[in-house]
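What follows is one chain in structure tokens, specifically the form predicted on its own.
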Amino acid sequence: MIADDDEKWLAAATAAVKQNAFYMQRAIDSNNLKDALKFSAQMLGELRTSKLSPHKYYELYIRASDELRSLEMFFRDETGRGCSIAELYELVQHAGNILPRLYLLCTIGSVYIKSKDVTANDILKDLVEMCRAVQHPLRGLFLRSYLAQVTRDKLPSIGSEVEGDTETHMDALEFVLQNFTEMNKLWVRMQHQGPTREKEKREKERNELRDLVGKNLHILGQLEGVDLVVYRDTVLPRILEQVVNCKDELAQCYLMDCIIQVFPDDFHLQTLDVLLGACPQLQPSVDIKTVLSGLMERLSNYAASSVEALPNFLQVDAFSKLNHAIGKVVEAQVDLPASASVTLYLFLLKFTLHVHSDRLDYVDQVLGSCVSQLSATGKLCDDKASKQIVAFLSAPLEKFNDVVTILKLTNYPRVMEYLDHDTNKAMAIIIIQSILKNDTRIATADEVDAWFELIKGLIKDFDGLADNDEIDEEDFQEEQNSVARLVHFLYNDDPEEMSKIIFRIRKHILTGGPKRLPLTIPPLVFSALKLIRRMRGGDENPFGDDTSTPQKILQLLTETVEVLSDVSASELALRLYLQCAQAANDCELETVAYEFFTKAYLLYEEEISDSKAQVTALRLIIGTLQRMRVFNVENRDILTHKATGYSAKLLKKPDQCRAVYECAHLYWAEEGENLKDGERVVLCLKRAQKIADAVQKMANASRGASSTGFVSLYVELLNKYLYFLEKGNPQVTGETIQSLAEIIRSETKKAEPGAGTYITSTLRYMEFQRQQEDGGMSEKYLKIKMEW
């Protein structure tokens, strides 16, 4: 309803302005001064209304002020035709109402100044004083805005049309400051006009009008006569006096921001004490973080864009002043939210990183100040504050691109302690991503400790949280995989220091709990194995102690992998035991290698019960044992016999068959004649063939003569025979293979397409070898009759 009334009143006032403007223009065209003044006064009389809202009043003001431009040109033309400008200045003062009179006075006053018939200072003083007659906040504000607008290009300053001496420049400065002061008072007074229930509405309306007041500061910033001395001694104190004394939240916040944005950066730098001294005097409800962050951001950009300015920052000790000011503000505003205080320190940190990037002590000091502030709040529950802390901690990472540098900041992990569990993990991921992106190497044991302190949110649970709490499994896997990747970035070329790093990593990783250990122990083990192989071939104890030998590290790995057995990760533990056994083999540590195999066998017997898992584990055991060269005959026979026994006990016959013929490789190694036992190879293959016969008989009995699903077992066996034939096993002869070939031939007609392809490929290979002309190999294959 009120909005409709506003539109009606605005429409009526606009129509009256248009009508009077039309008659005014007609009088101007006929050079009728009297009628031009009459109709212009009537037009301006519409601005006396109190019915319009500030927004609608602004529309009316714009229309009326646009019409006054033609009147200003008319006054200028009249003076050119011999009319006295002084008489015109007196004549307009006979208007009946004060508001139209002052608008006309400002219009003719601008022409009067430009004519230079009188000093600009006299006219400016007269105008700014007479405008005091209008004390209605809205009407007075727009009147003074018009005064600033028409005199803006006529102020005495260097390079302007009305250039004067230094004293004249100060008069122009005084005029703008006085107009600003009066406008600010009117603007603030608007807040107290009307009932309390409409307070928010008035604040919104005032916010829409703030640029009218700020226009004066823009004019000040563009005056040529305002140098650093004038700004420091006159302009800034006068403005700050008005800002502090008005005690209005909206005005203080806006005007402080205007000061920062309008005046040059070097002015701010040289008057930092004065500007910062006003901040604690502002109203507690003022958004001080916006003010100070704007100042620090501008100074940071100034430092980044001008290398020559950096010495000035050091000269005025800008960092200490800003740090002290923020502390005072935080202390004065006890109700300041945690997010606001963190934002202040964030911008101070960015300022420090831009200006004093070589001063880690400054960076650490800012972190420490933030810790002191957060100590009163405890862990942050506010999402906004947590996000600000993440941005706060990310700033040094983005600047230095080196986590090793971050590790030198003692207060960095202290800030992270105030993050909740989820945000702490997110920050740890950011740190890890920085290491991966920049390929950062962490090369000492102390740095490893410091690094794990930073990412402890990923390594272990916080107090009050358990591993069985609801978590997203995919996210959890990704987090732990990130930690696993980072283990490989903890590296030192010195074996002694690397050994210390391994021990430190283990200390931290073992605190992770049953869900994390299967993901984080493997990279530790492989990192240690890499170190062991680097140490291979050196002295038994190159460091003069017993903590860094390959044997000692392998002992450490024994204890580490055992932990996986306790957290239901037996299959993984078995794989790692076998990896460790290979490392012990490379170091020629027979006893240690035998111990690892013993532990792997125990896990296979006691913990692995799933048939598929048993098949996989047994293949790994056989493959690893086949590569071992460190064992004496007795130990090798024991381990081989065990593996063969496991093969015969698998649940499914086809798996038994394949495992048994794989065991044949345990009796035939390429290196060393003492590791070749042709008879046992053939024994394994014949045993596997018997199992295959049993499989085929059971299949035929249960499914009929068309069952061919296990023919491939015979083909696999044939390939094994051919392998050992080529390797020179004297016990594998053409006659031995021929009997197996007969069985395969009898089953070929019933073979499935897949099996038939396998058979065809094998036969093609055999034929290829028969046709070779190298002599030795072809003779072996010629003994096998191929009547297929």
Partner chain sequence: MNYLRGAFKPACNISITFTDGKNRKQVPVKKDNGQMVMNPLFHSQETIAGKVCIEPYQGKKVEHNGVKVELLGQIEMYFDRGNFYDFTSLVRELDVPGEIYEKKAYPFEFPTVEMPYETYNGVNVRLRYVLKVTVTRGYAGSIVEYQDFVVRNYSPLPPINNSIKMEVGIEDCLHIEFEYNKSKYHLKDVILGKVYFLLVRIKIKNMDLEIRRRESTGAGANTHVETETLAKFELMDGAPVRGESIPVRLFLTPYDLTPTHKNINNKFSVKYYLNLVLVDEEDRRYFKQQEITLYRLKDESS
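Numbering follows the first chain given and starts at 1. Quick caveat: nothing in here was measured; it's all calculated off a predicted structure.
What comes next is about the form predicted together with the partner chain, which is not displayed.
- The shortest heavy atom separation between Gln135 and the partner chain in the predicted bound form is within 4.5 Å.
- Ala95 belongs to the set of residues with a heavy atom inside 4.5 Å of the partner chain in the predicted bound form.
- Interface residue remark: Arg48 is counted as part of the site for the partner chain in the predicted bound form, having a heavy atom within 4.5 Å.
- Interface residue remark: Asp126 is counted as part of the site for the partner chain in the predicted bound form, having a heavy atom within 4.5 Å.
- Of the listed positions (Arg139, His268, Arg636, Lys154), a single one reaches within 4.5 angstroms of the partner chain by any non-hydrogen atom in the predicted bound form, namely Arg139.
- When you look in the predicted bound form, the only residue of Leu228, Ala395, Leu240, Met130 with a non-hydrogen atom within 4.5 Å of the partner chain is Met130.
- Three-residue candidate spot Arg101, Glu182 and Arg189; every residue lies within 4.5 angstroms of the partner chain in the predicted bound form by at least one non-hydrogen atom.
- Partner proximity in the predicted bound form, defined as non-hydrogen atoms within 4.5 angstroms of the partner chain, places exactly one of 242-250, 87-95, 395-403, 70-78 at the interface: 87-95.
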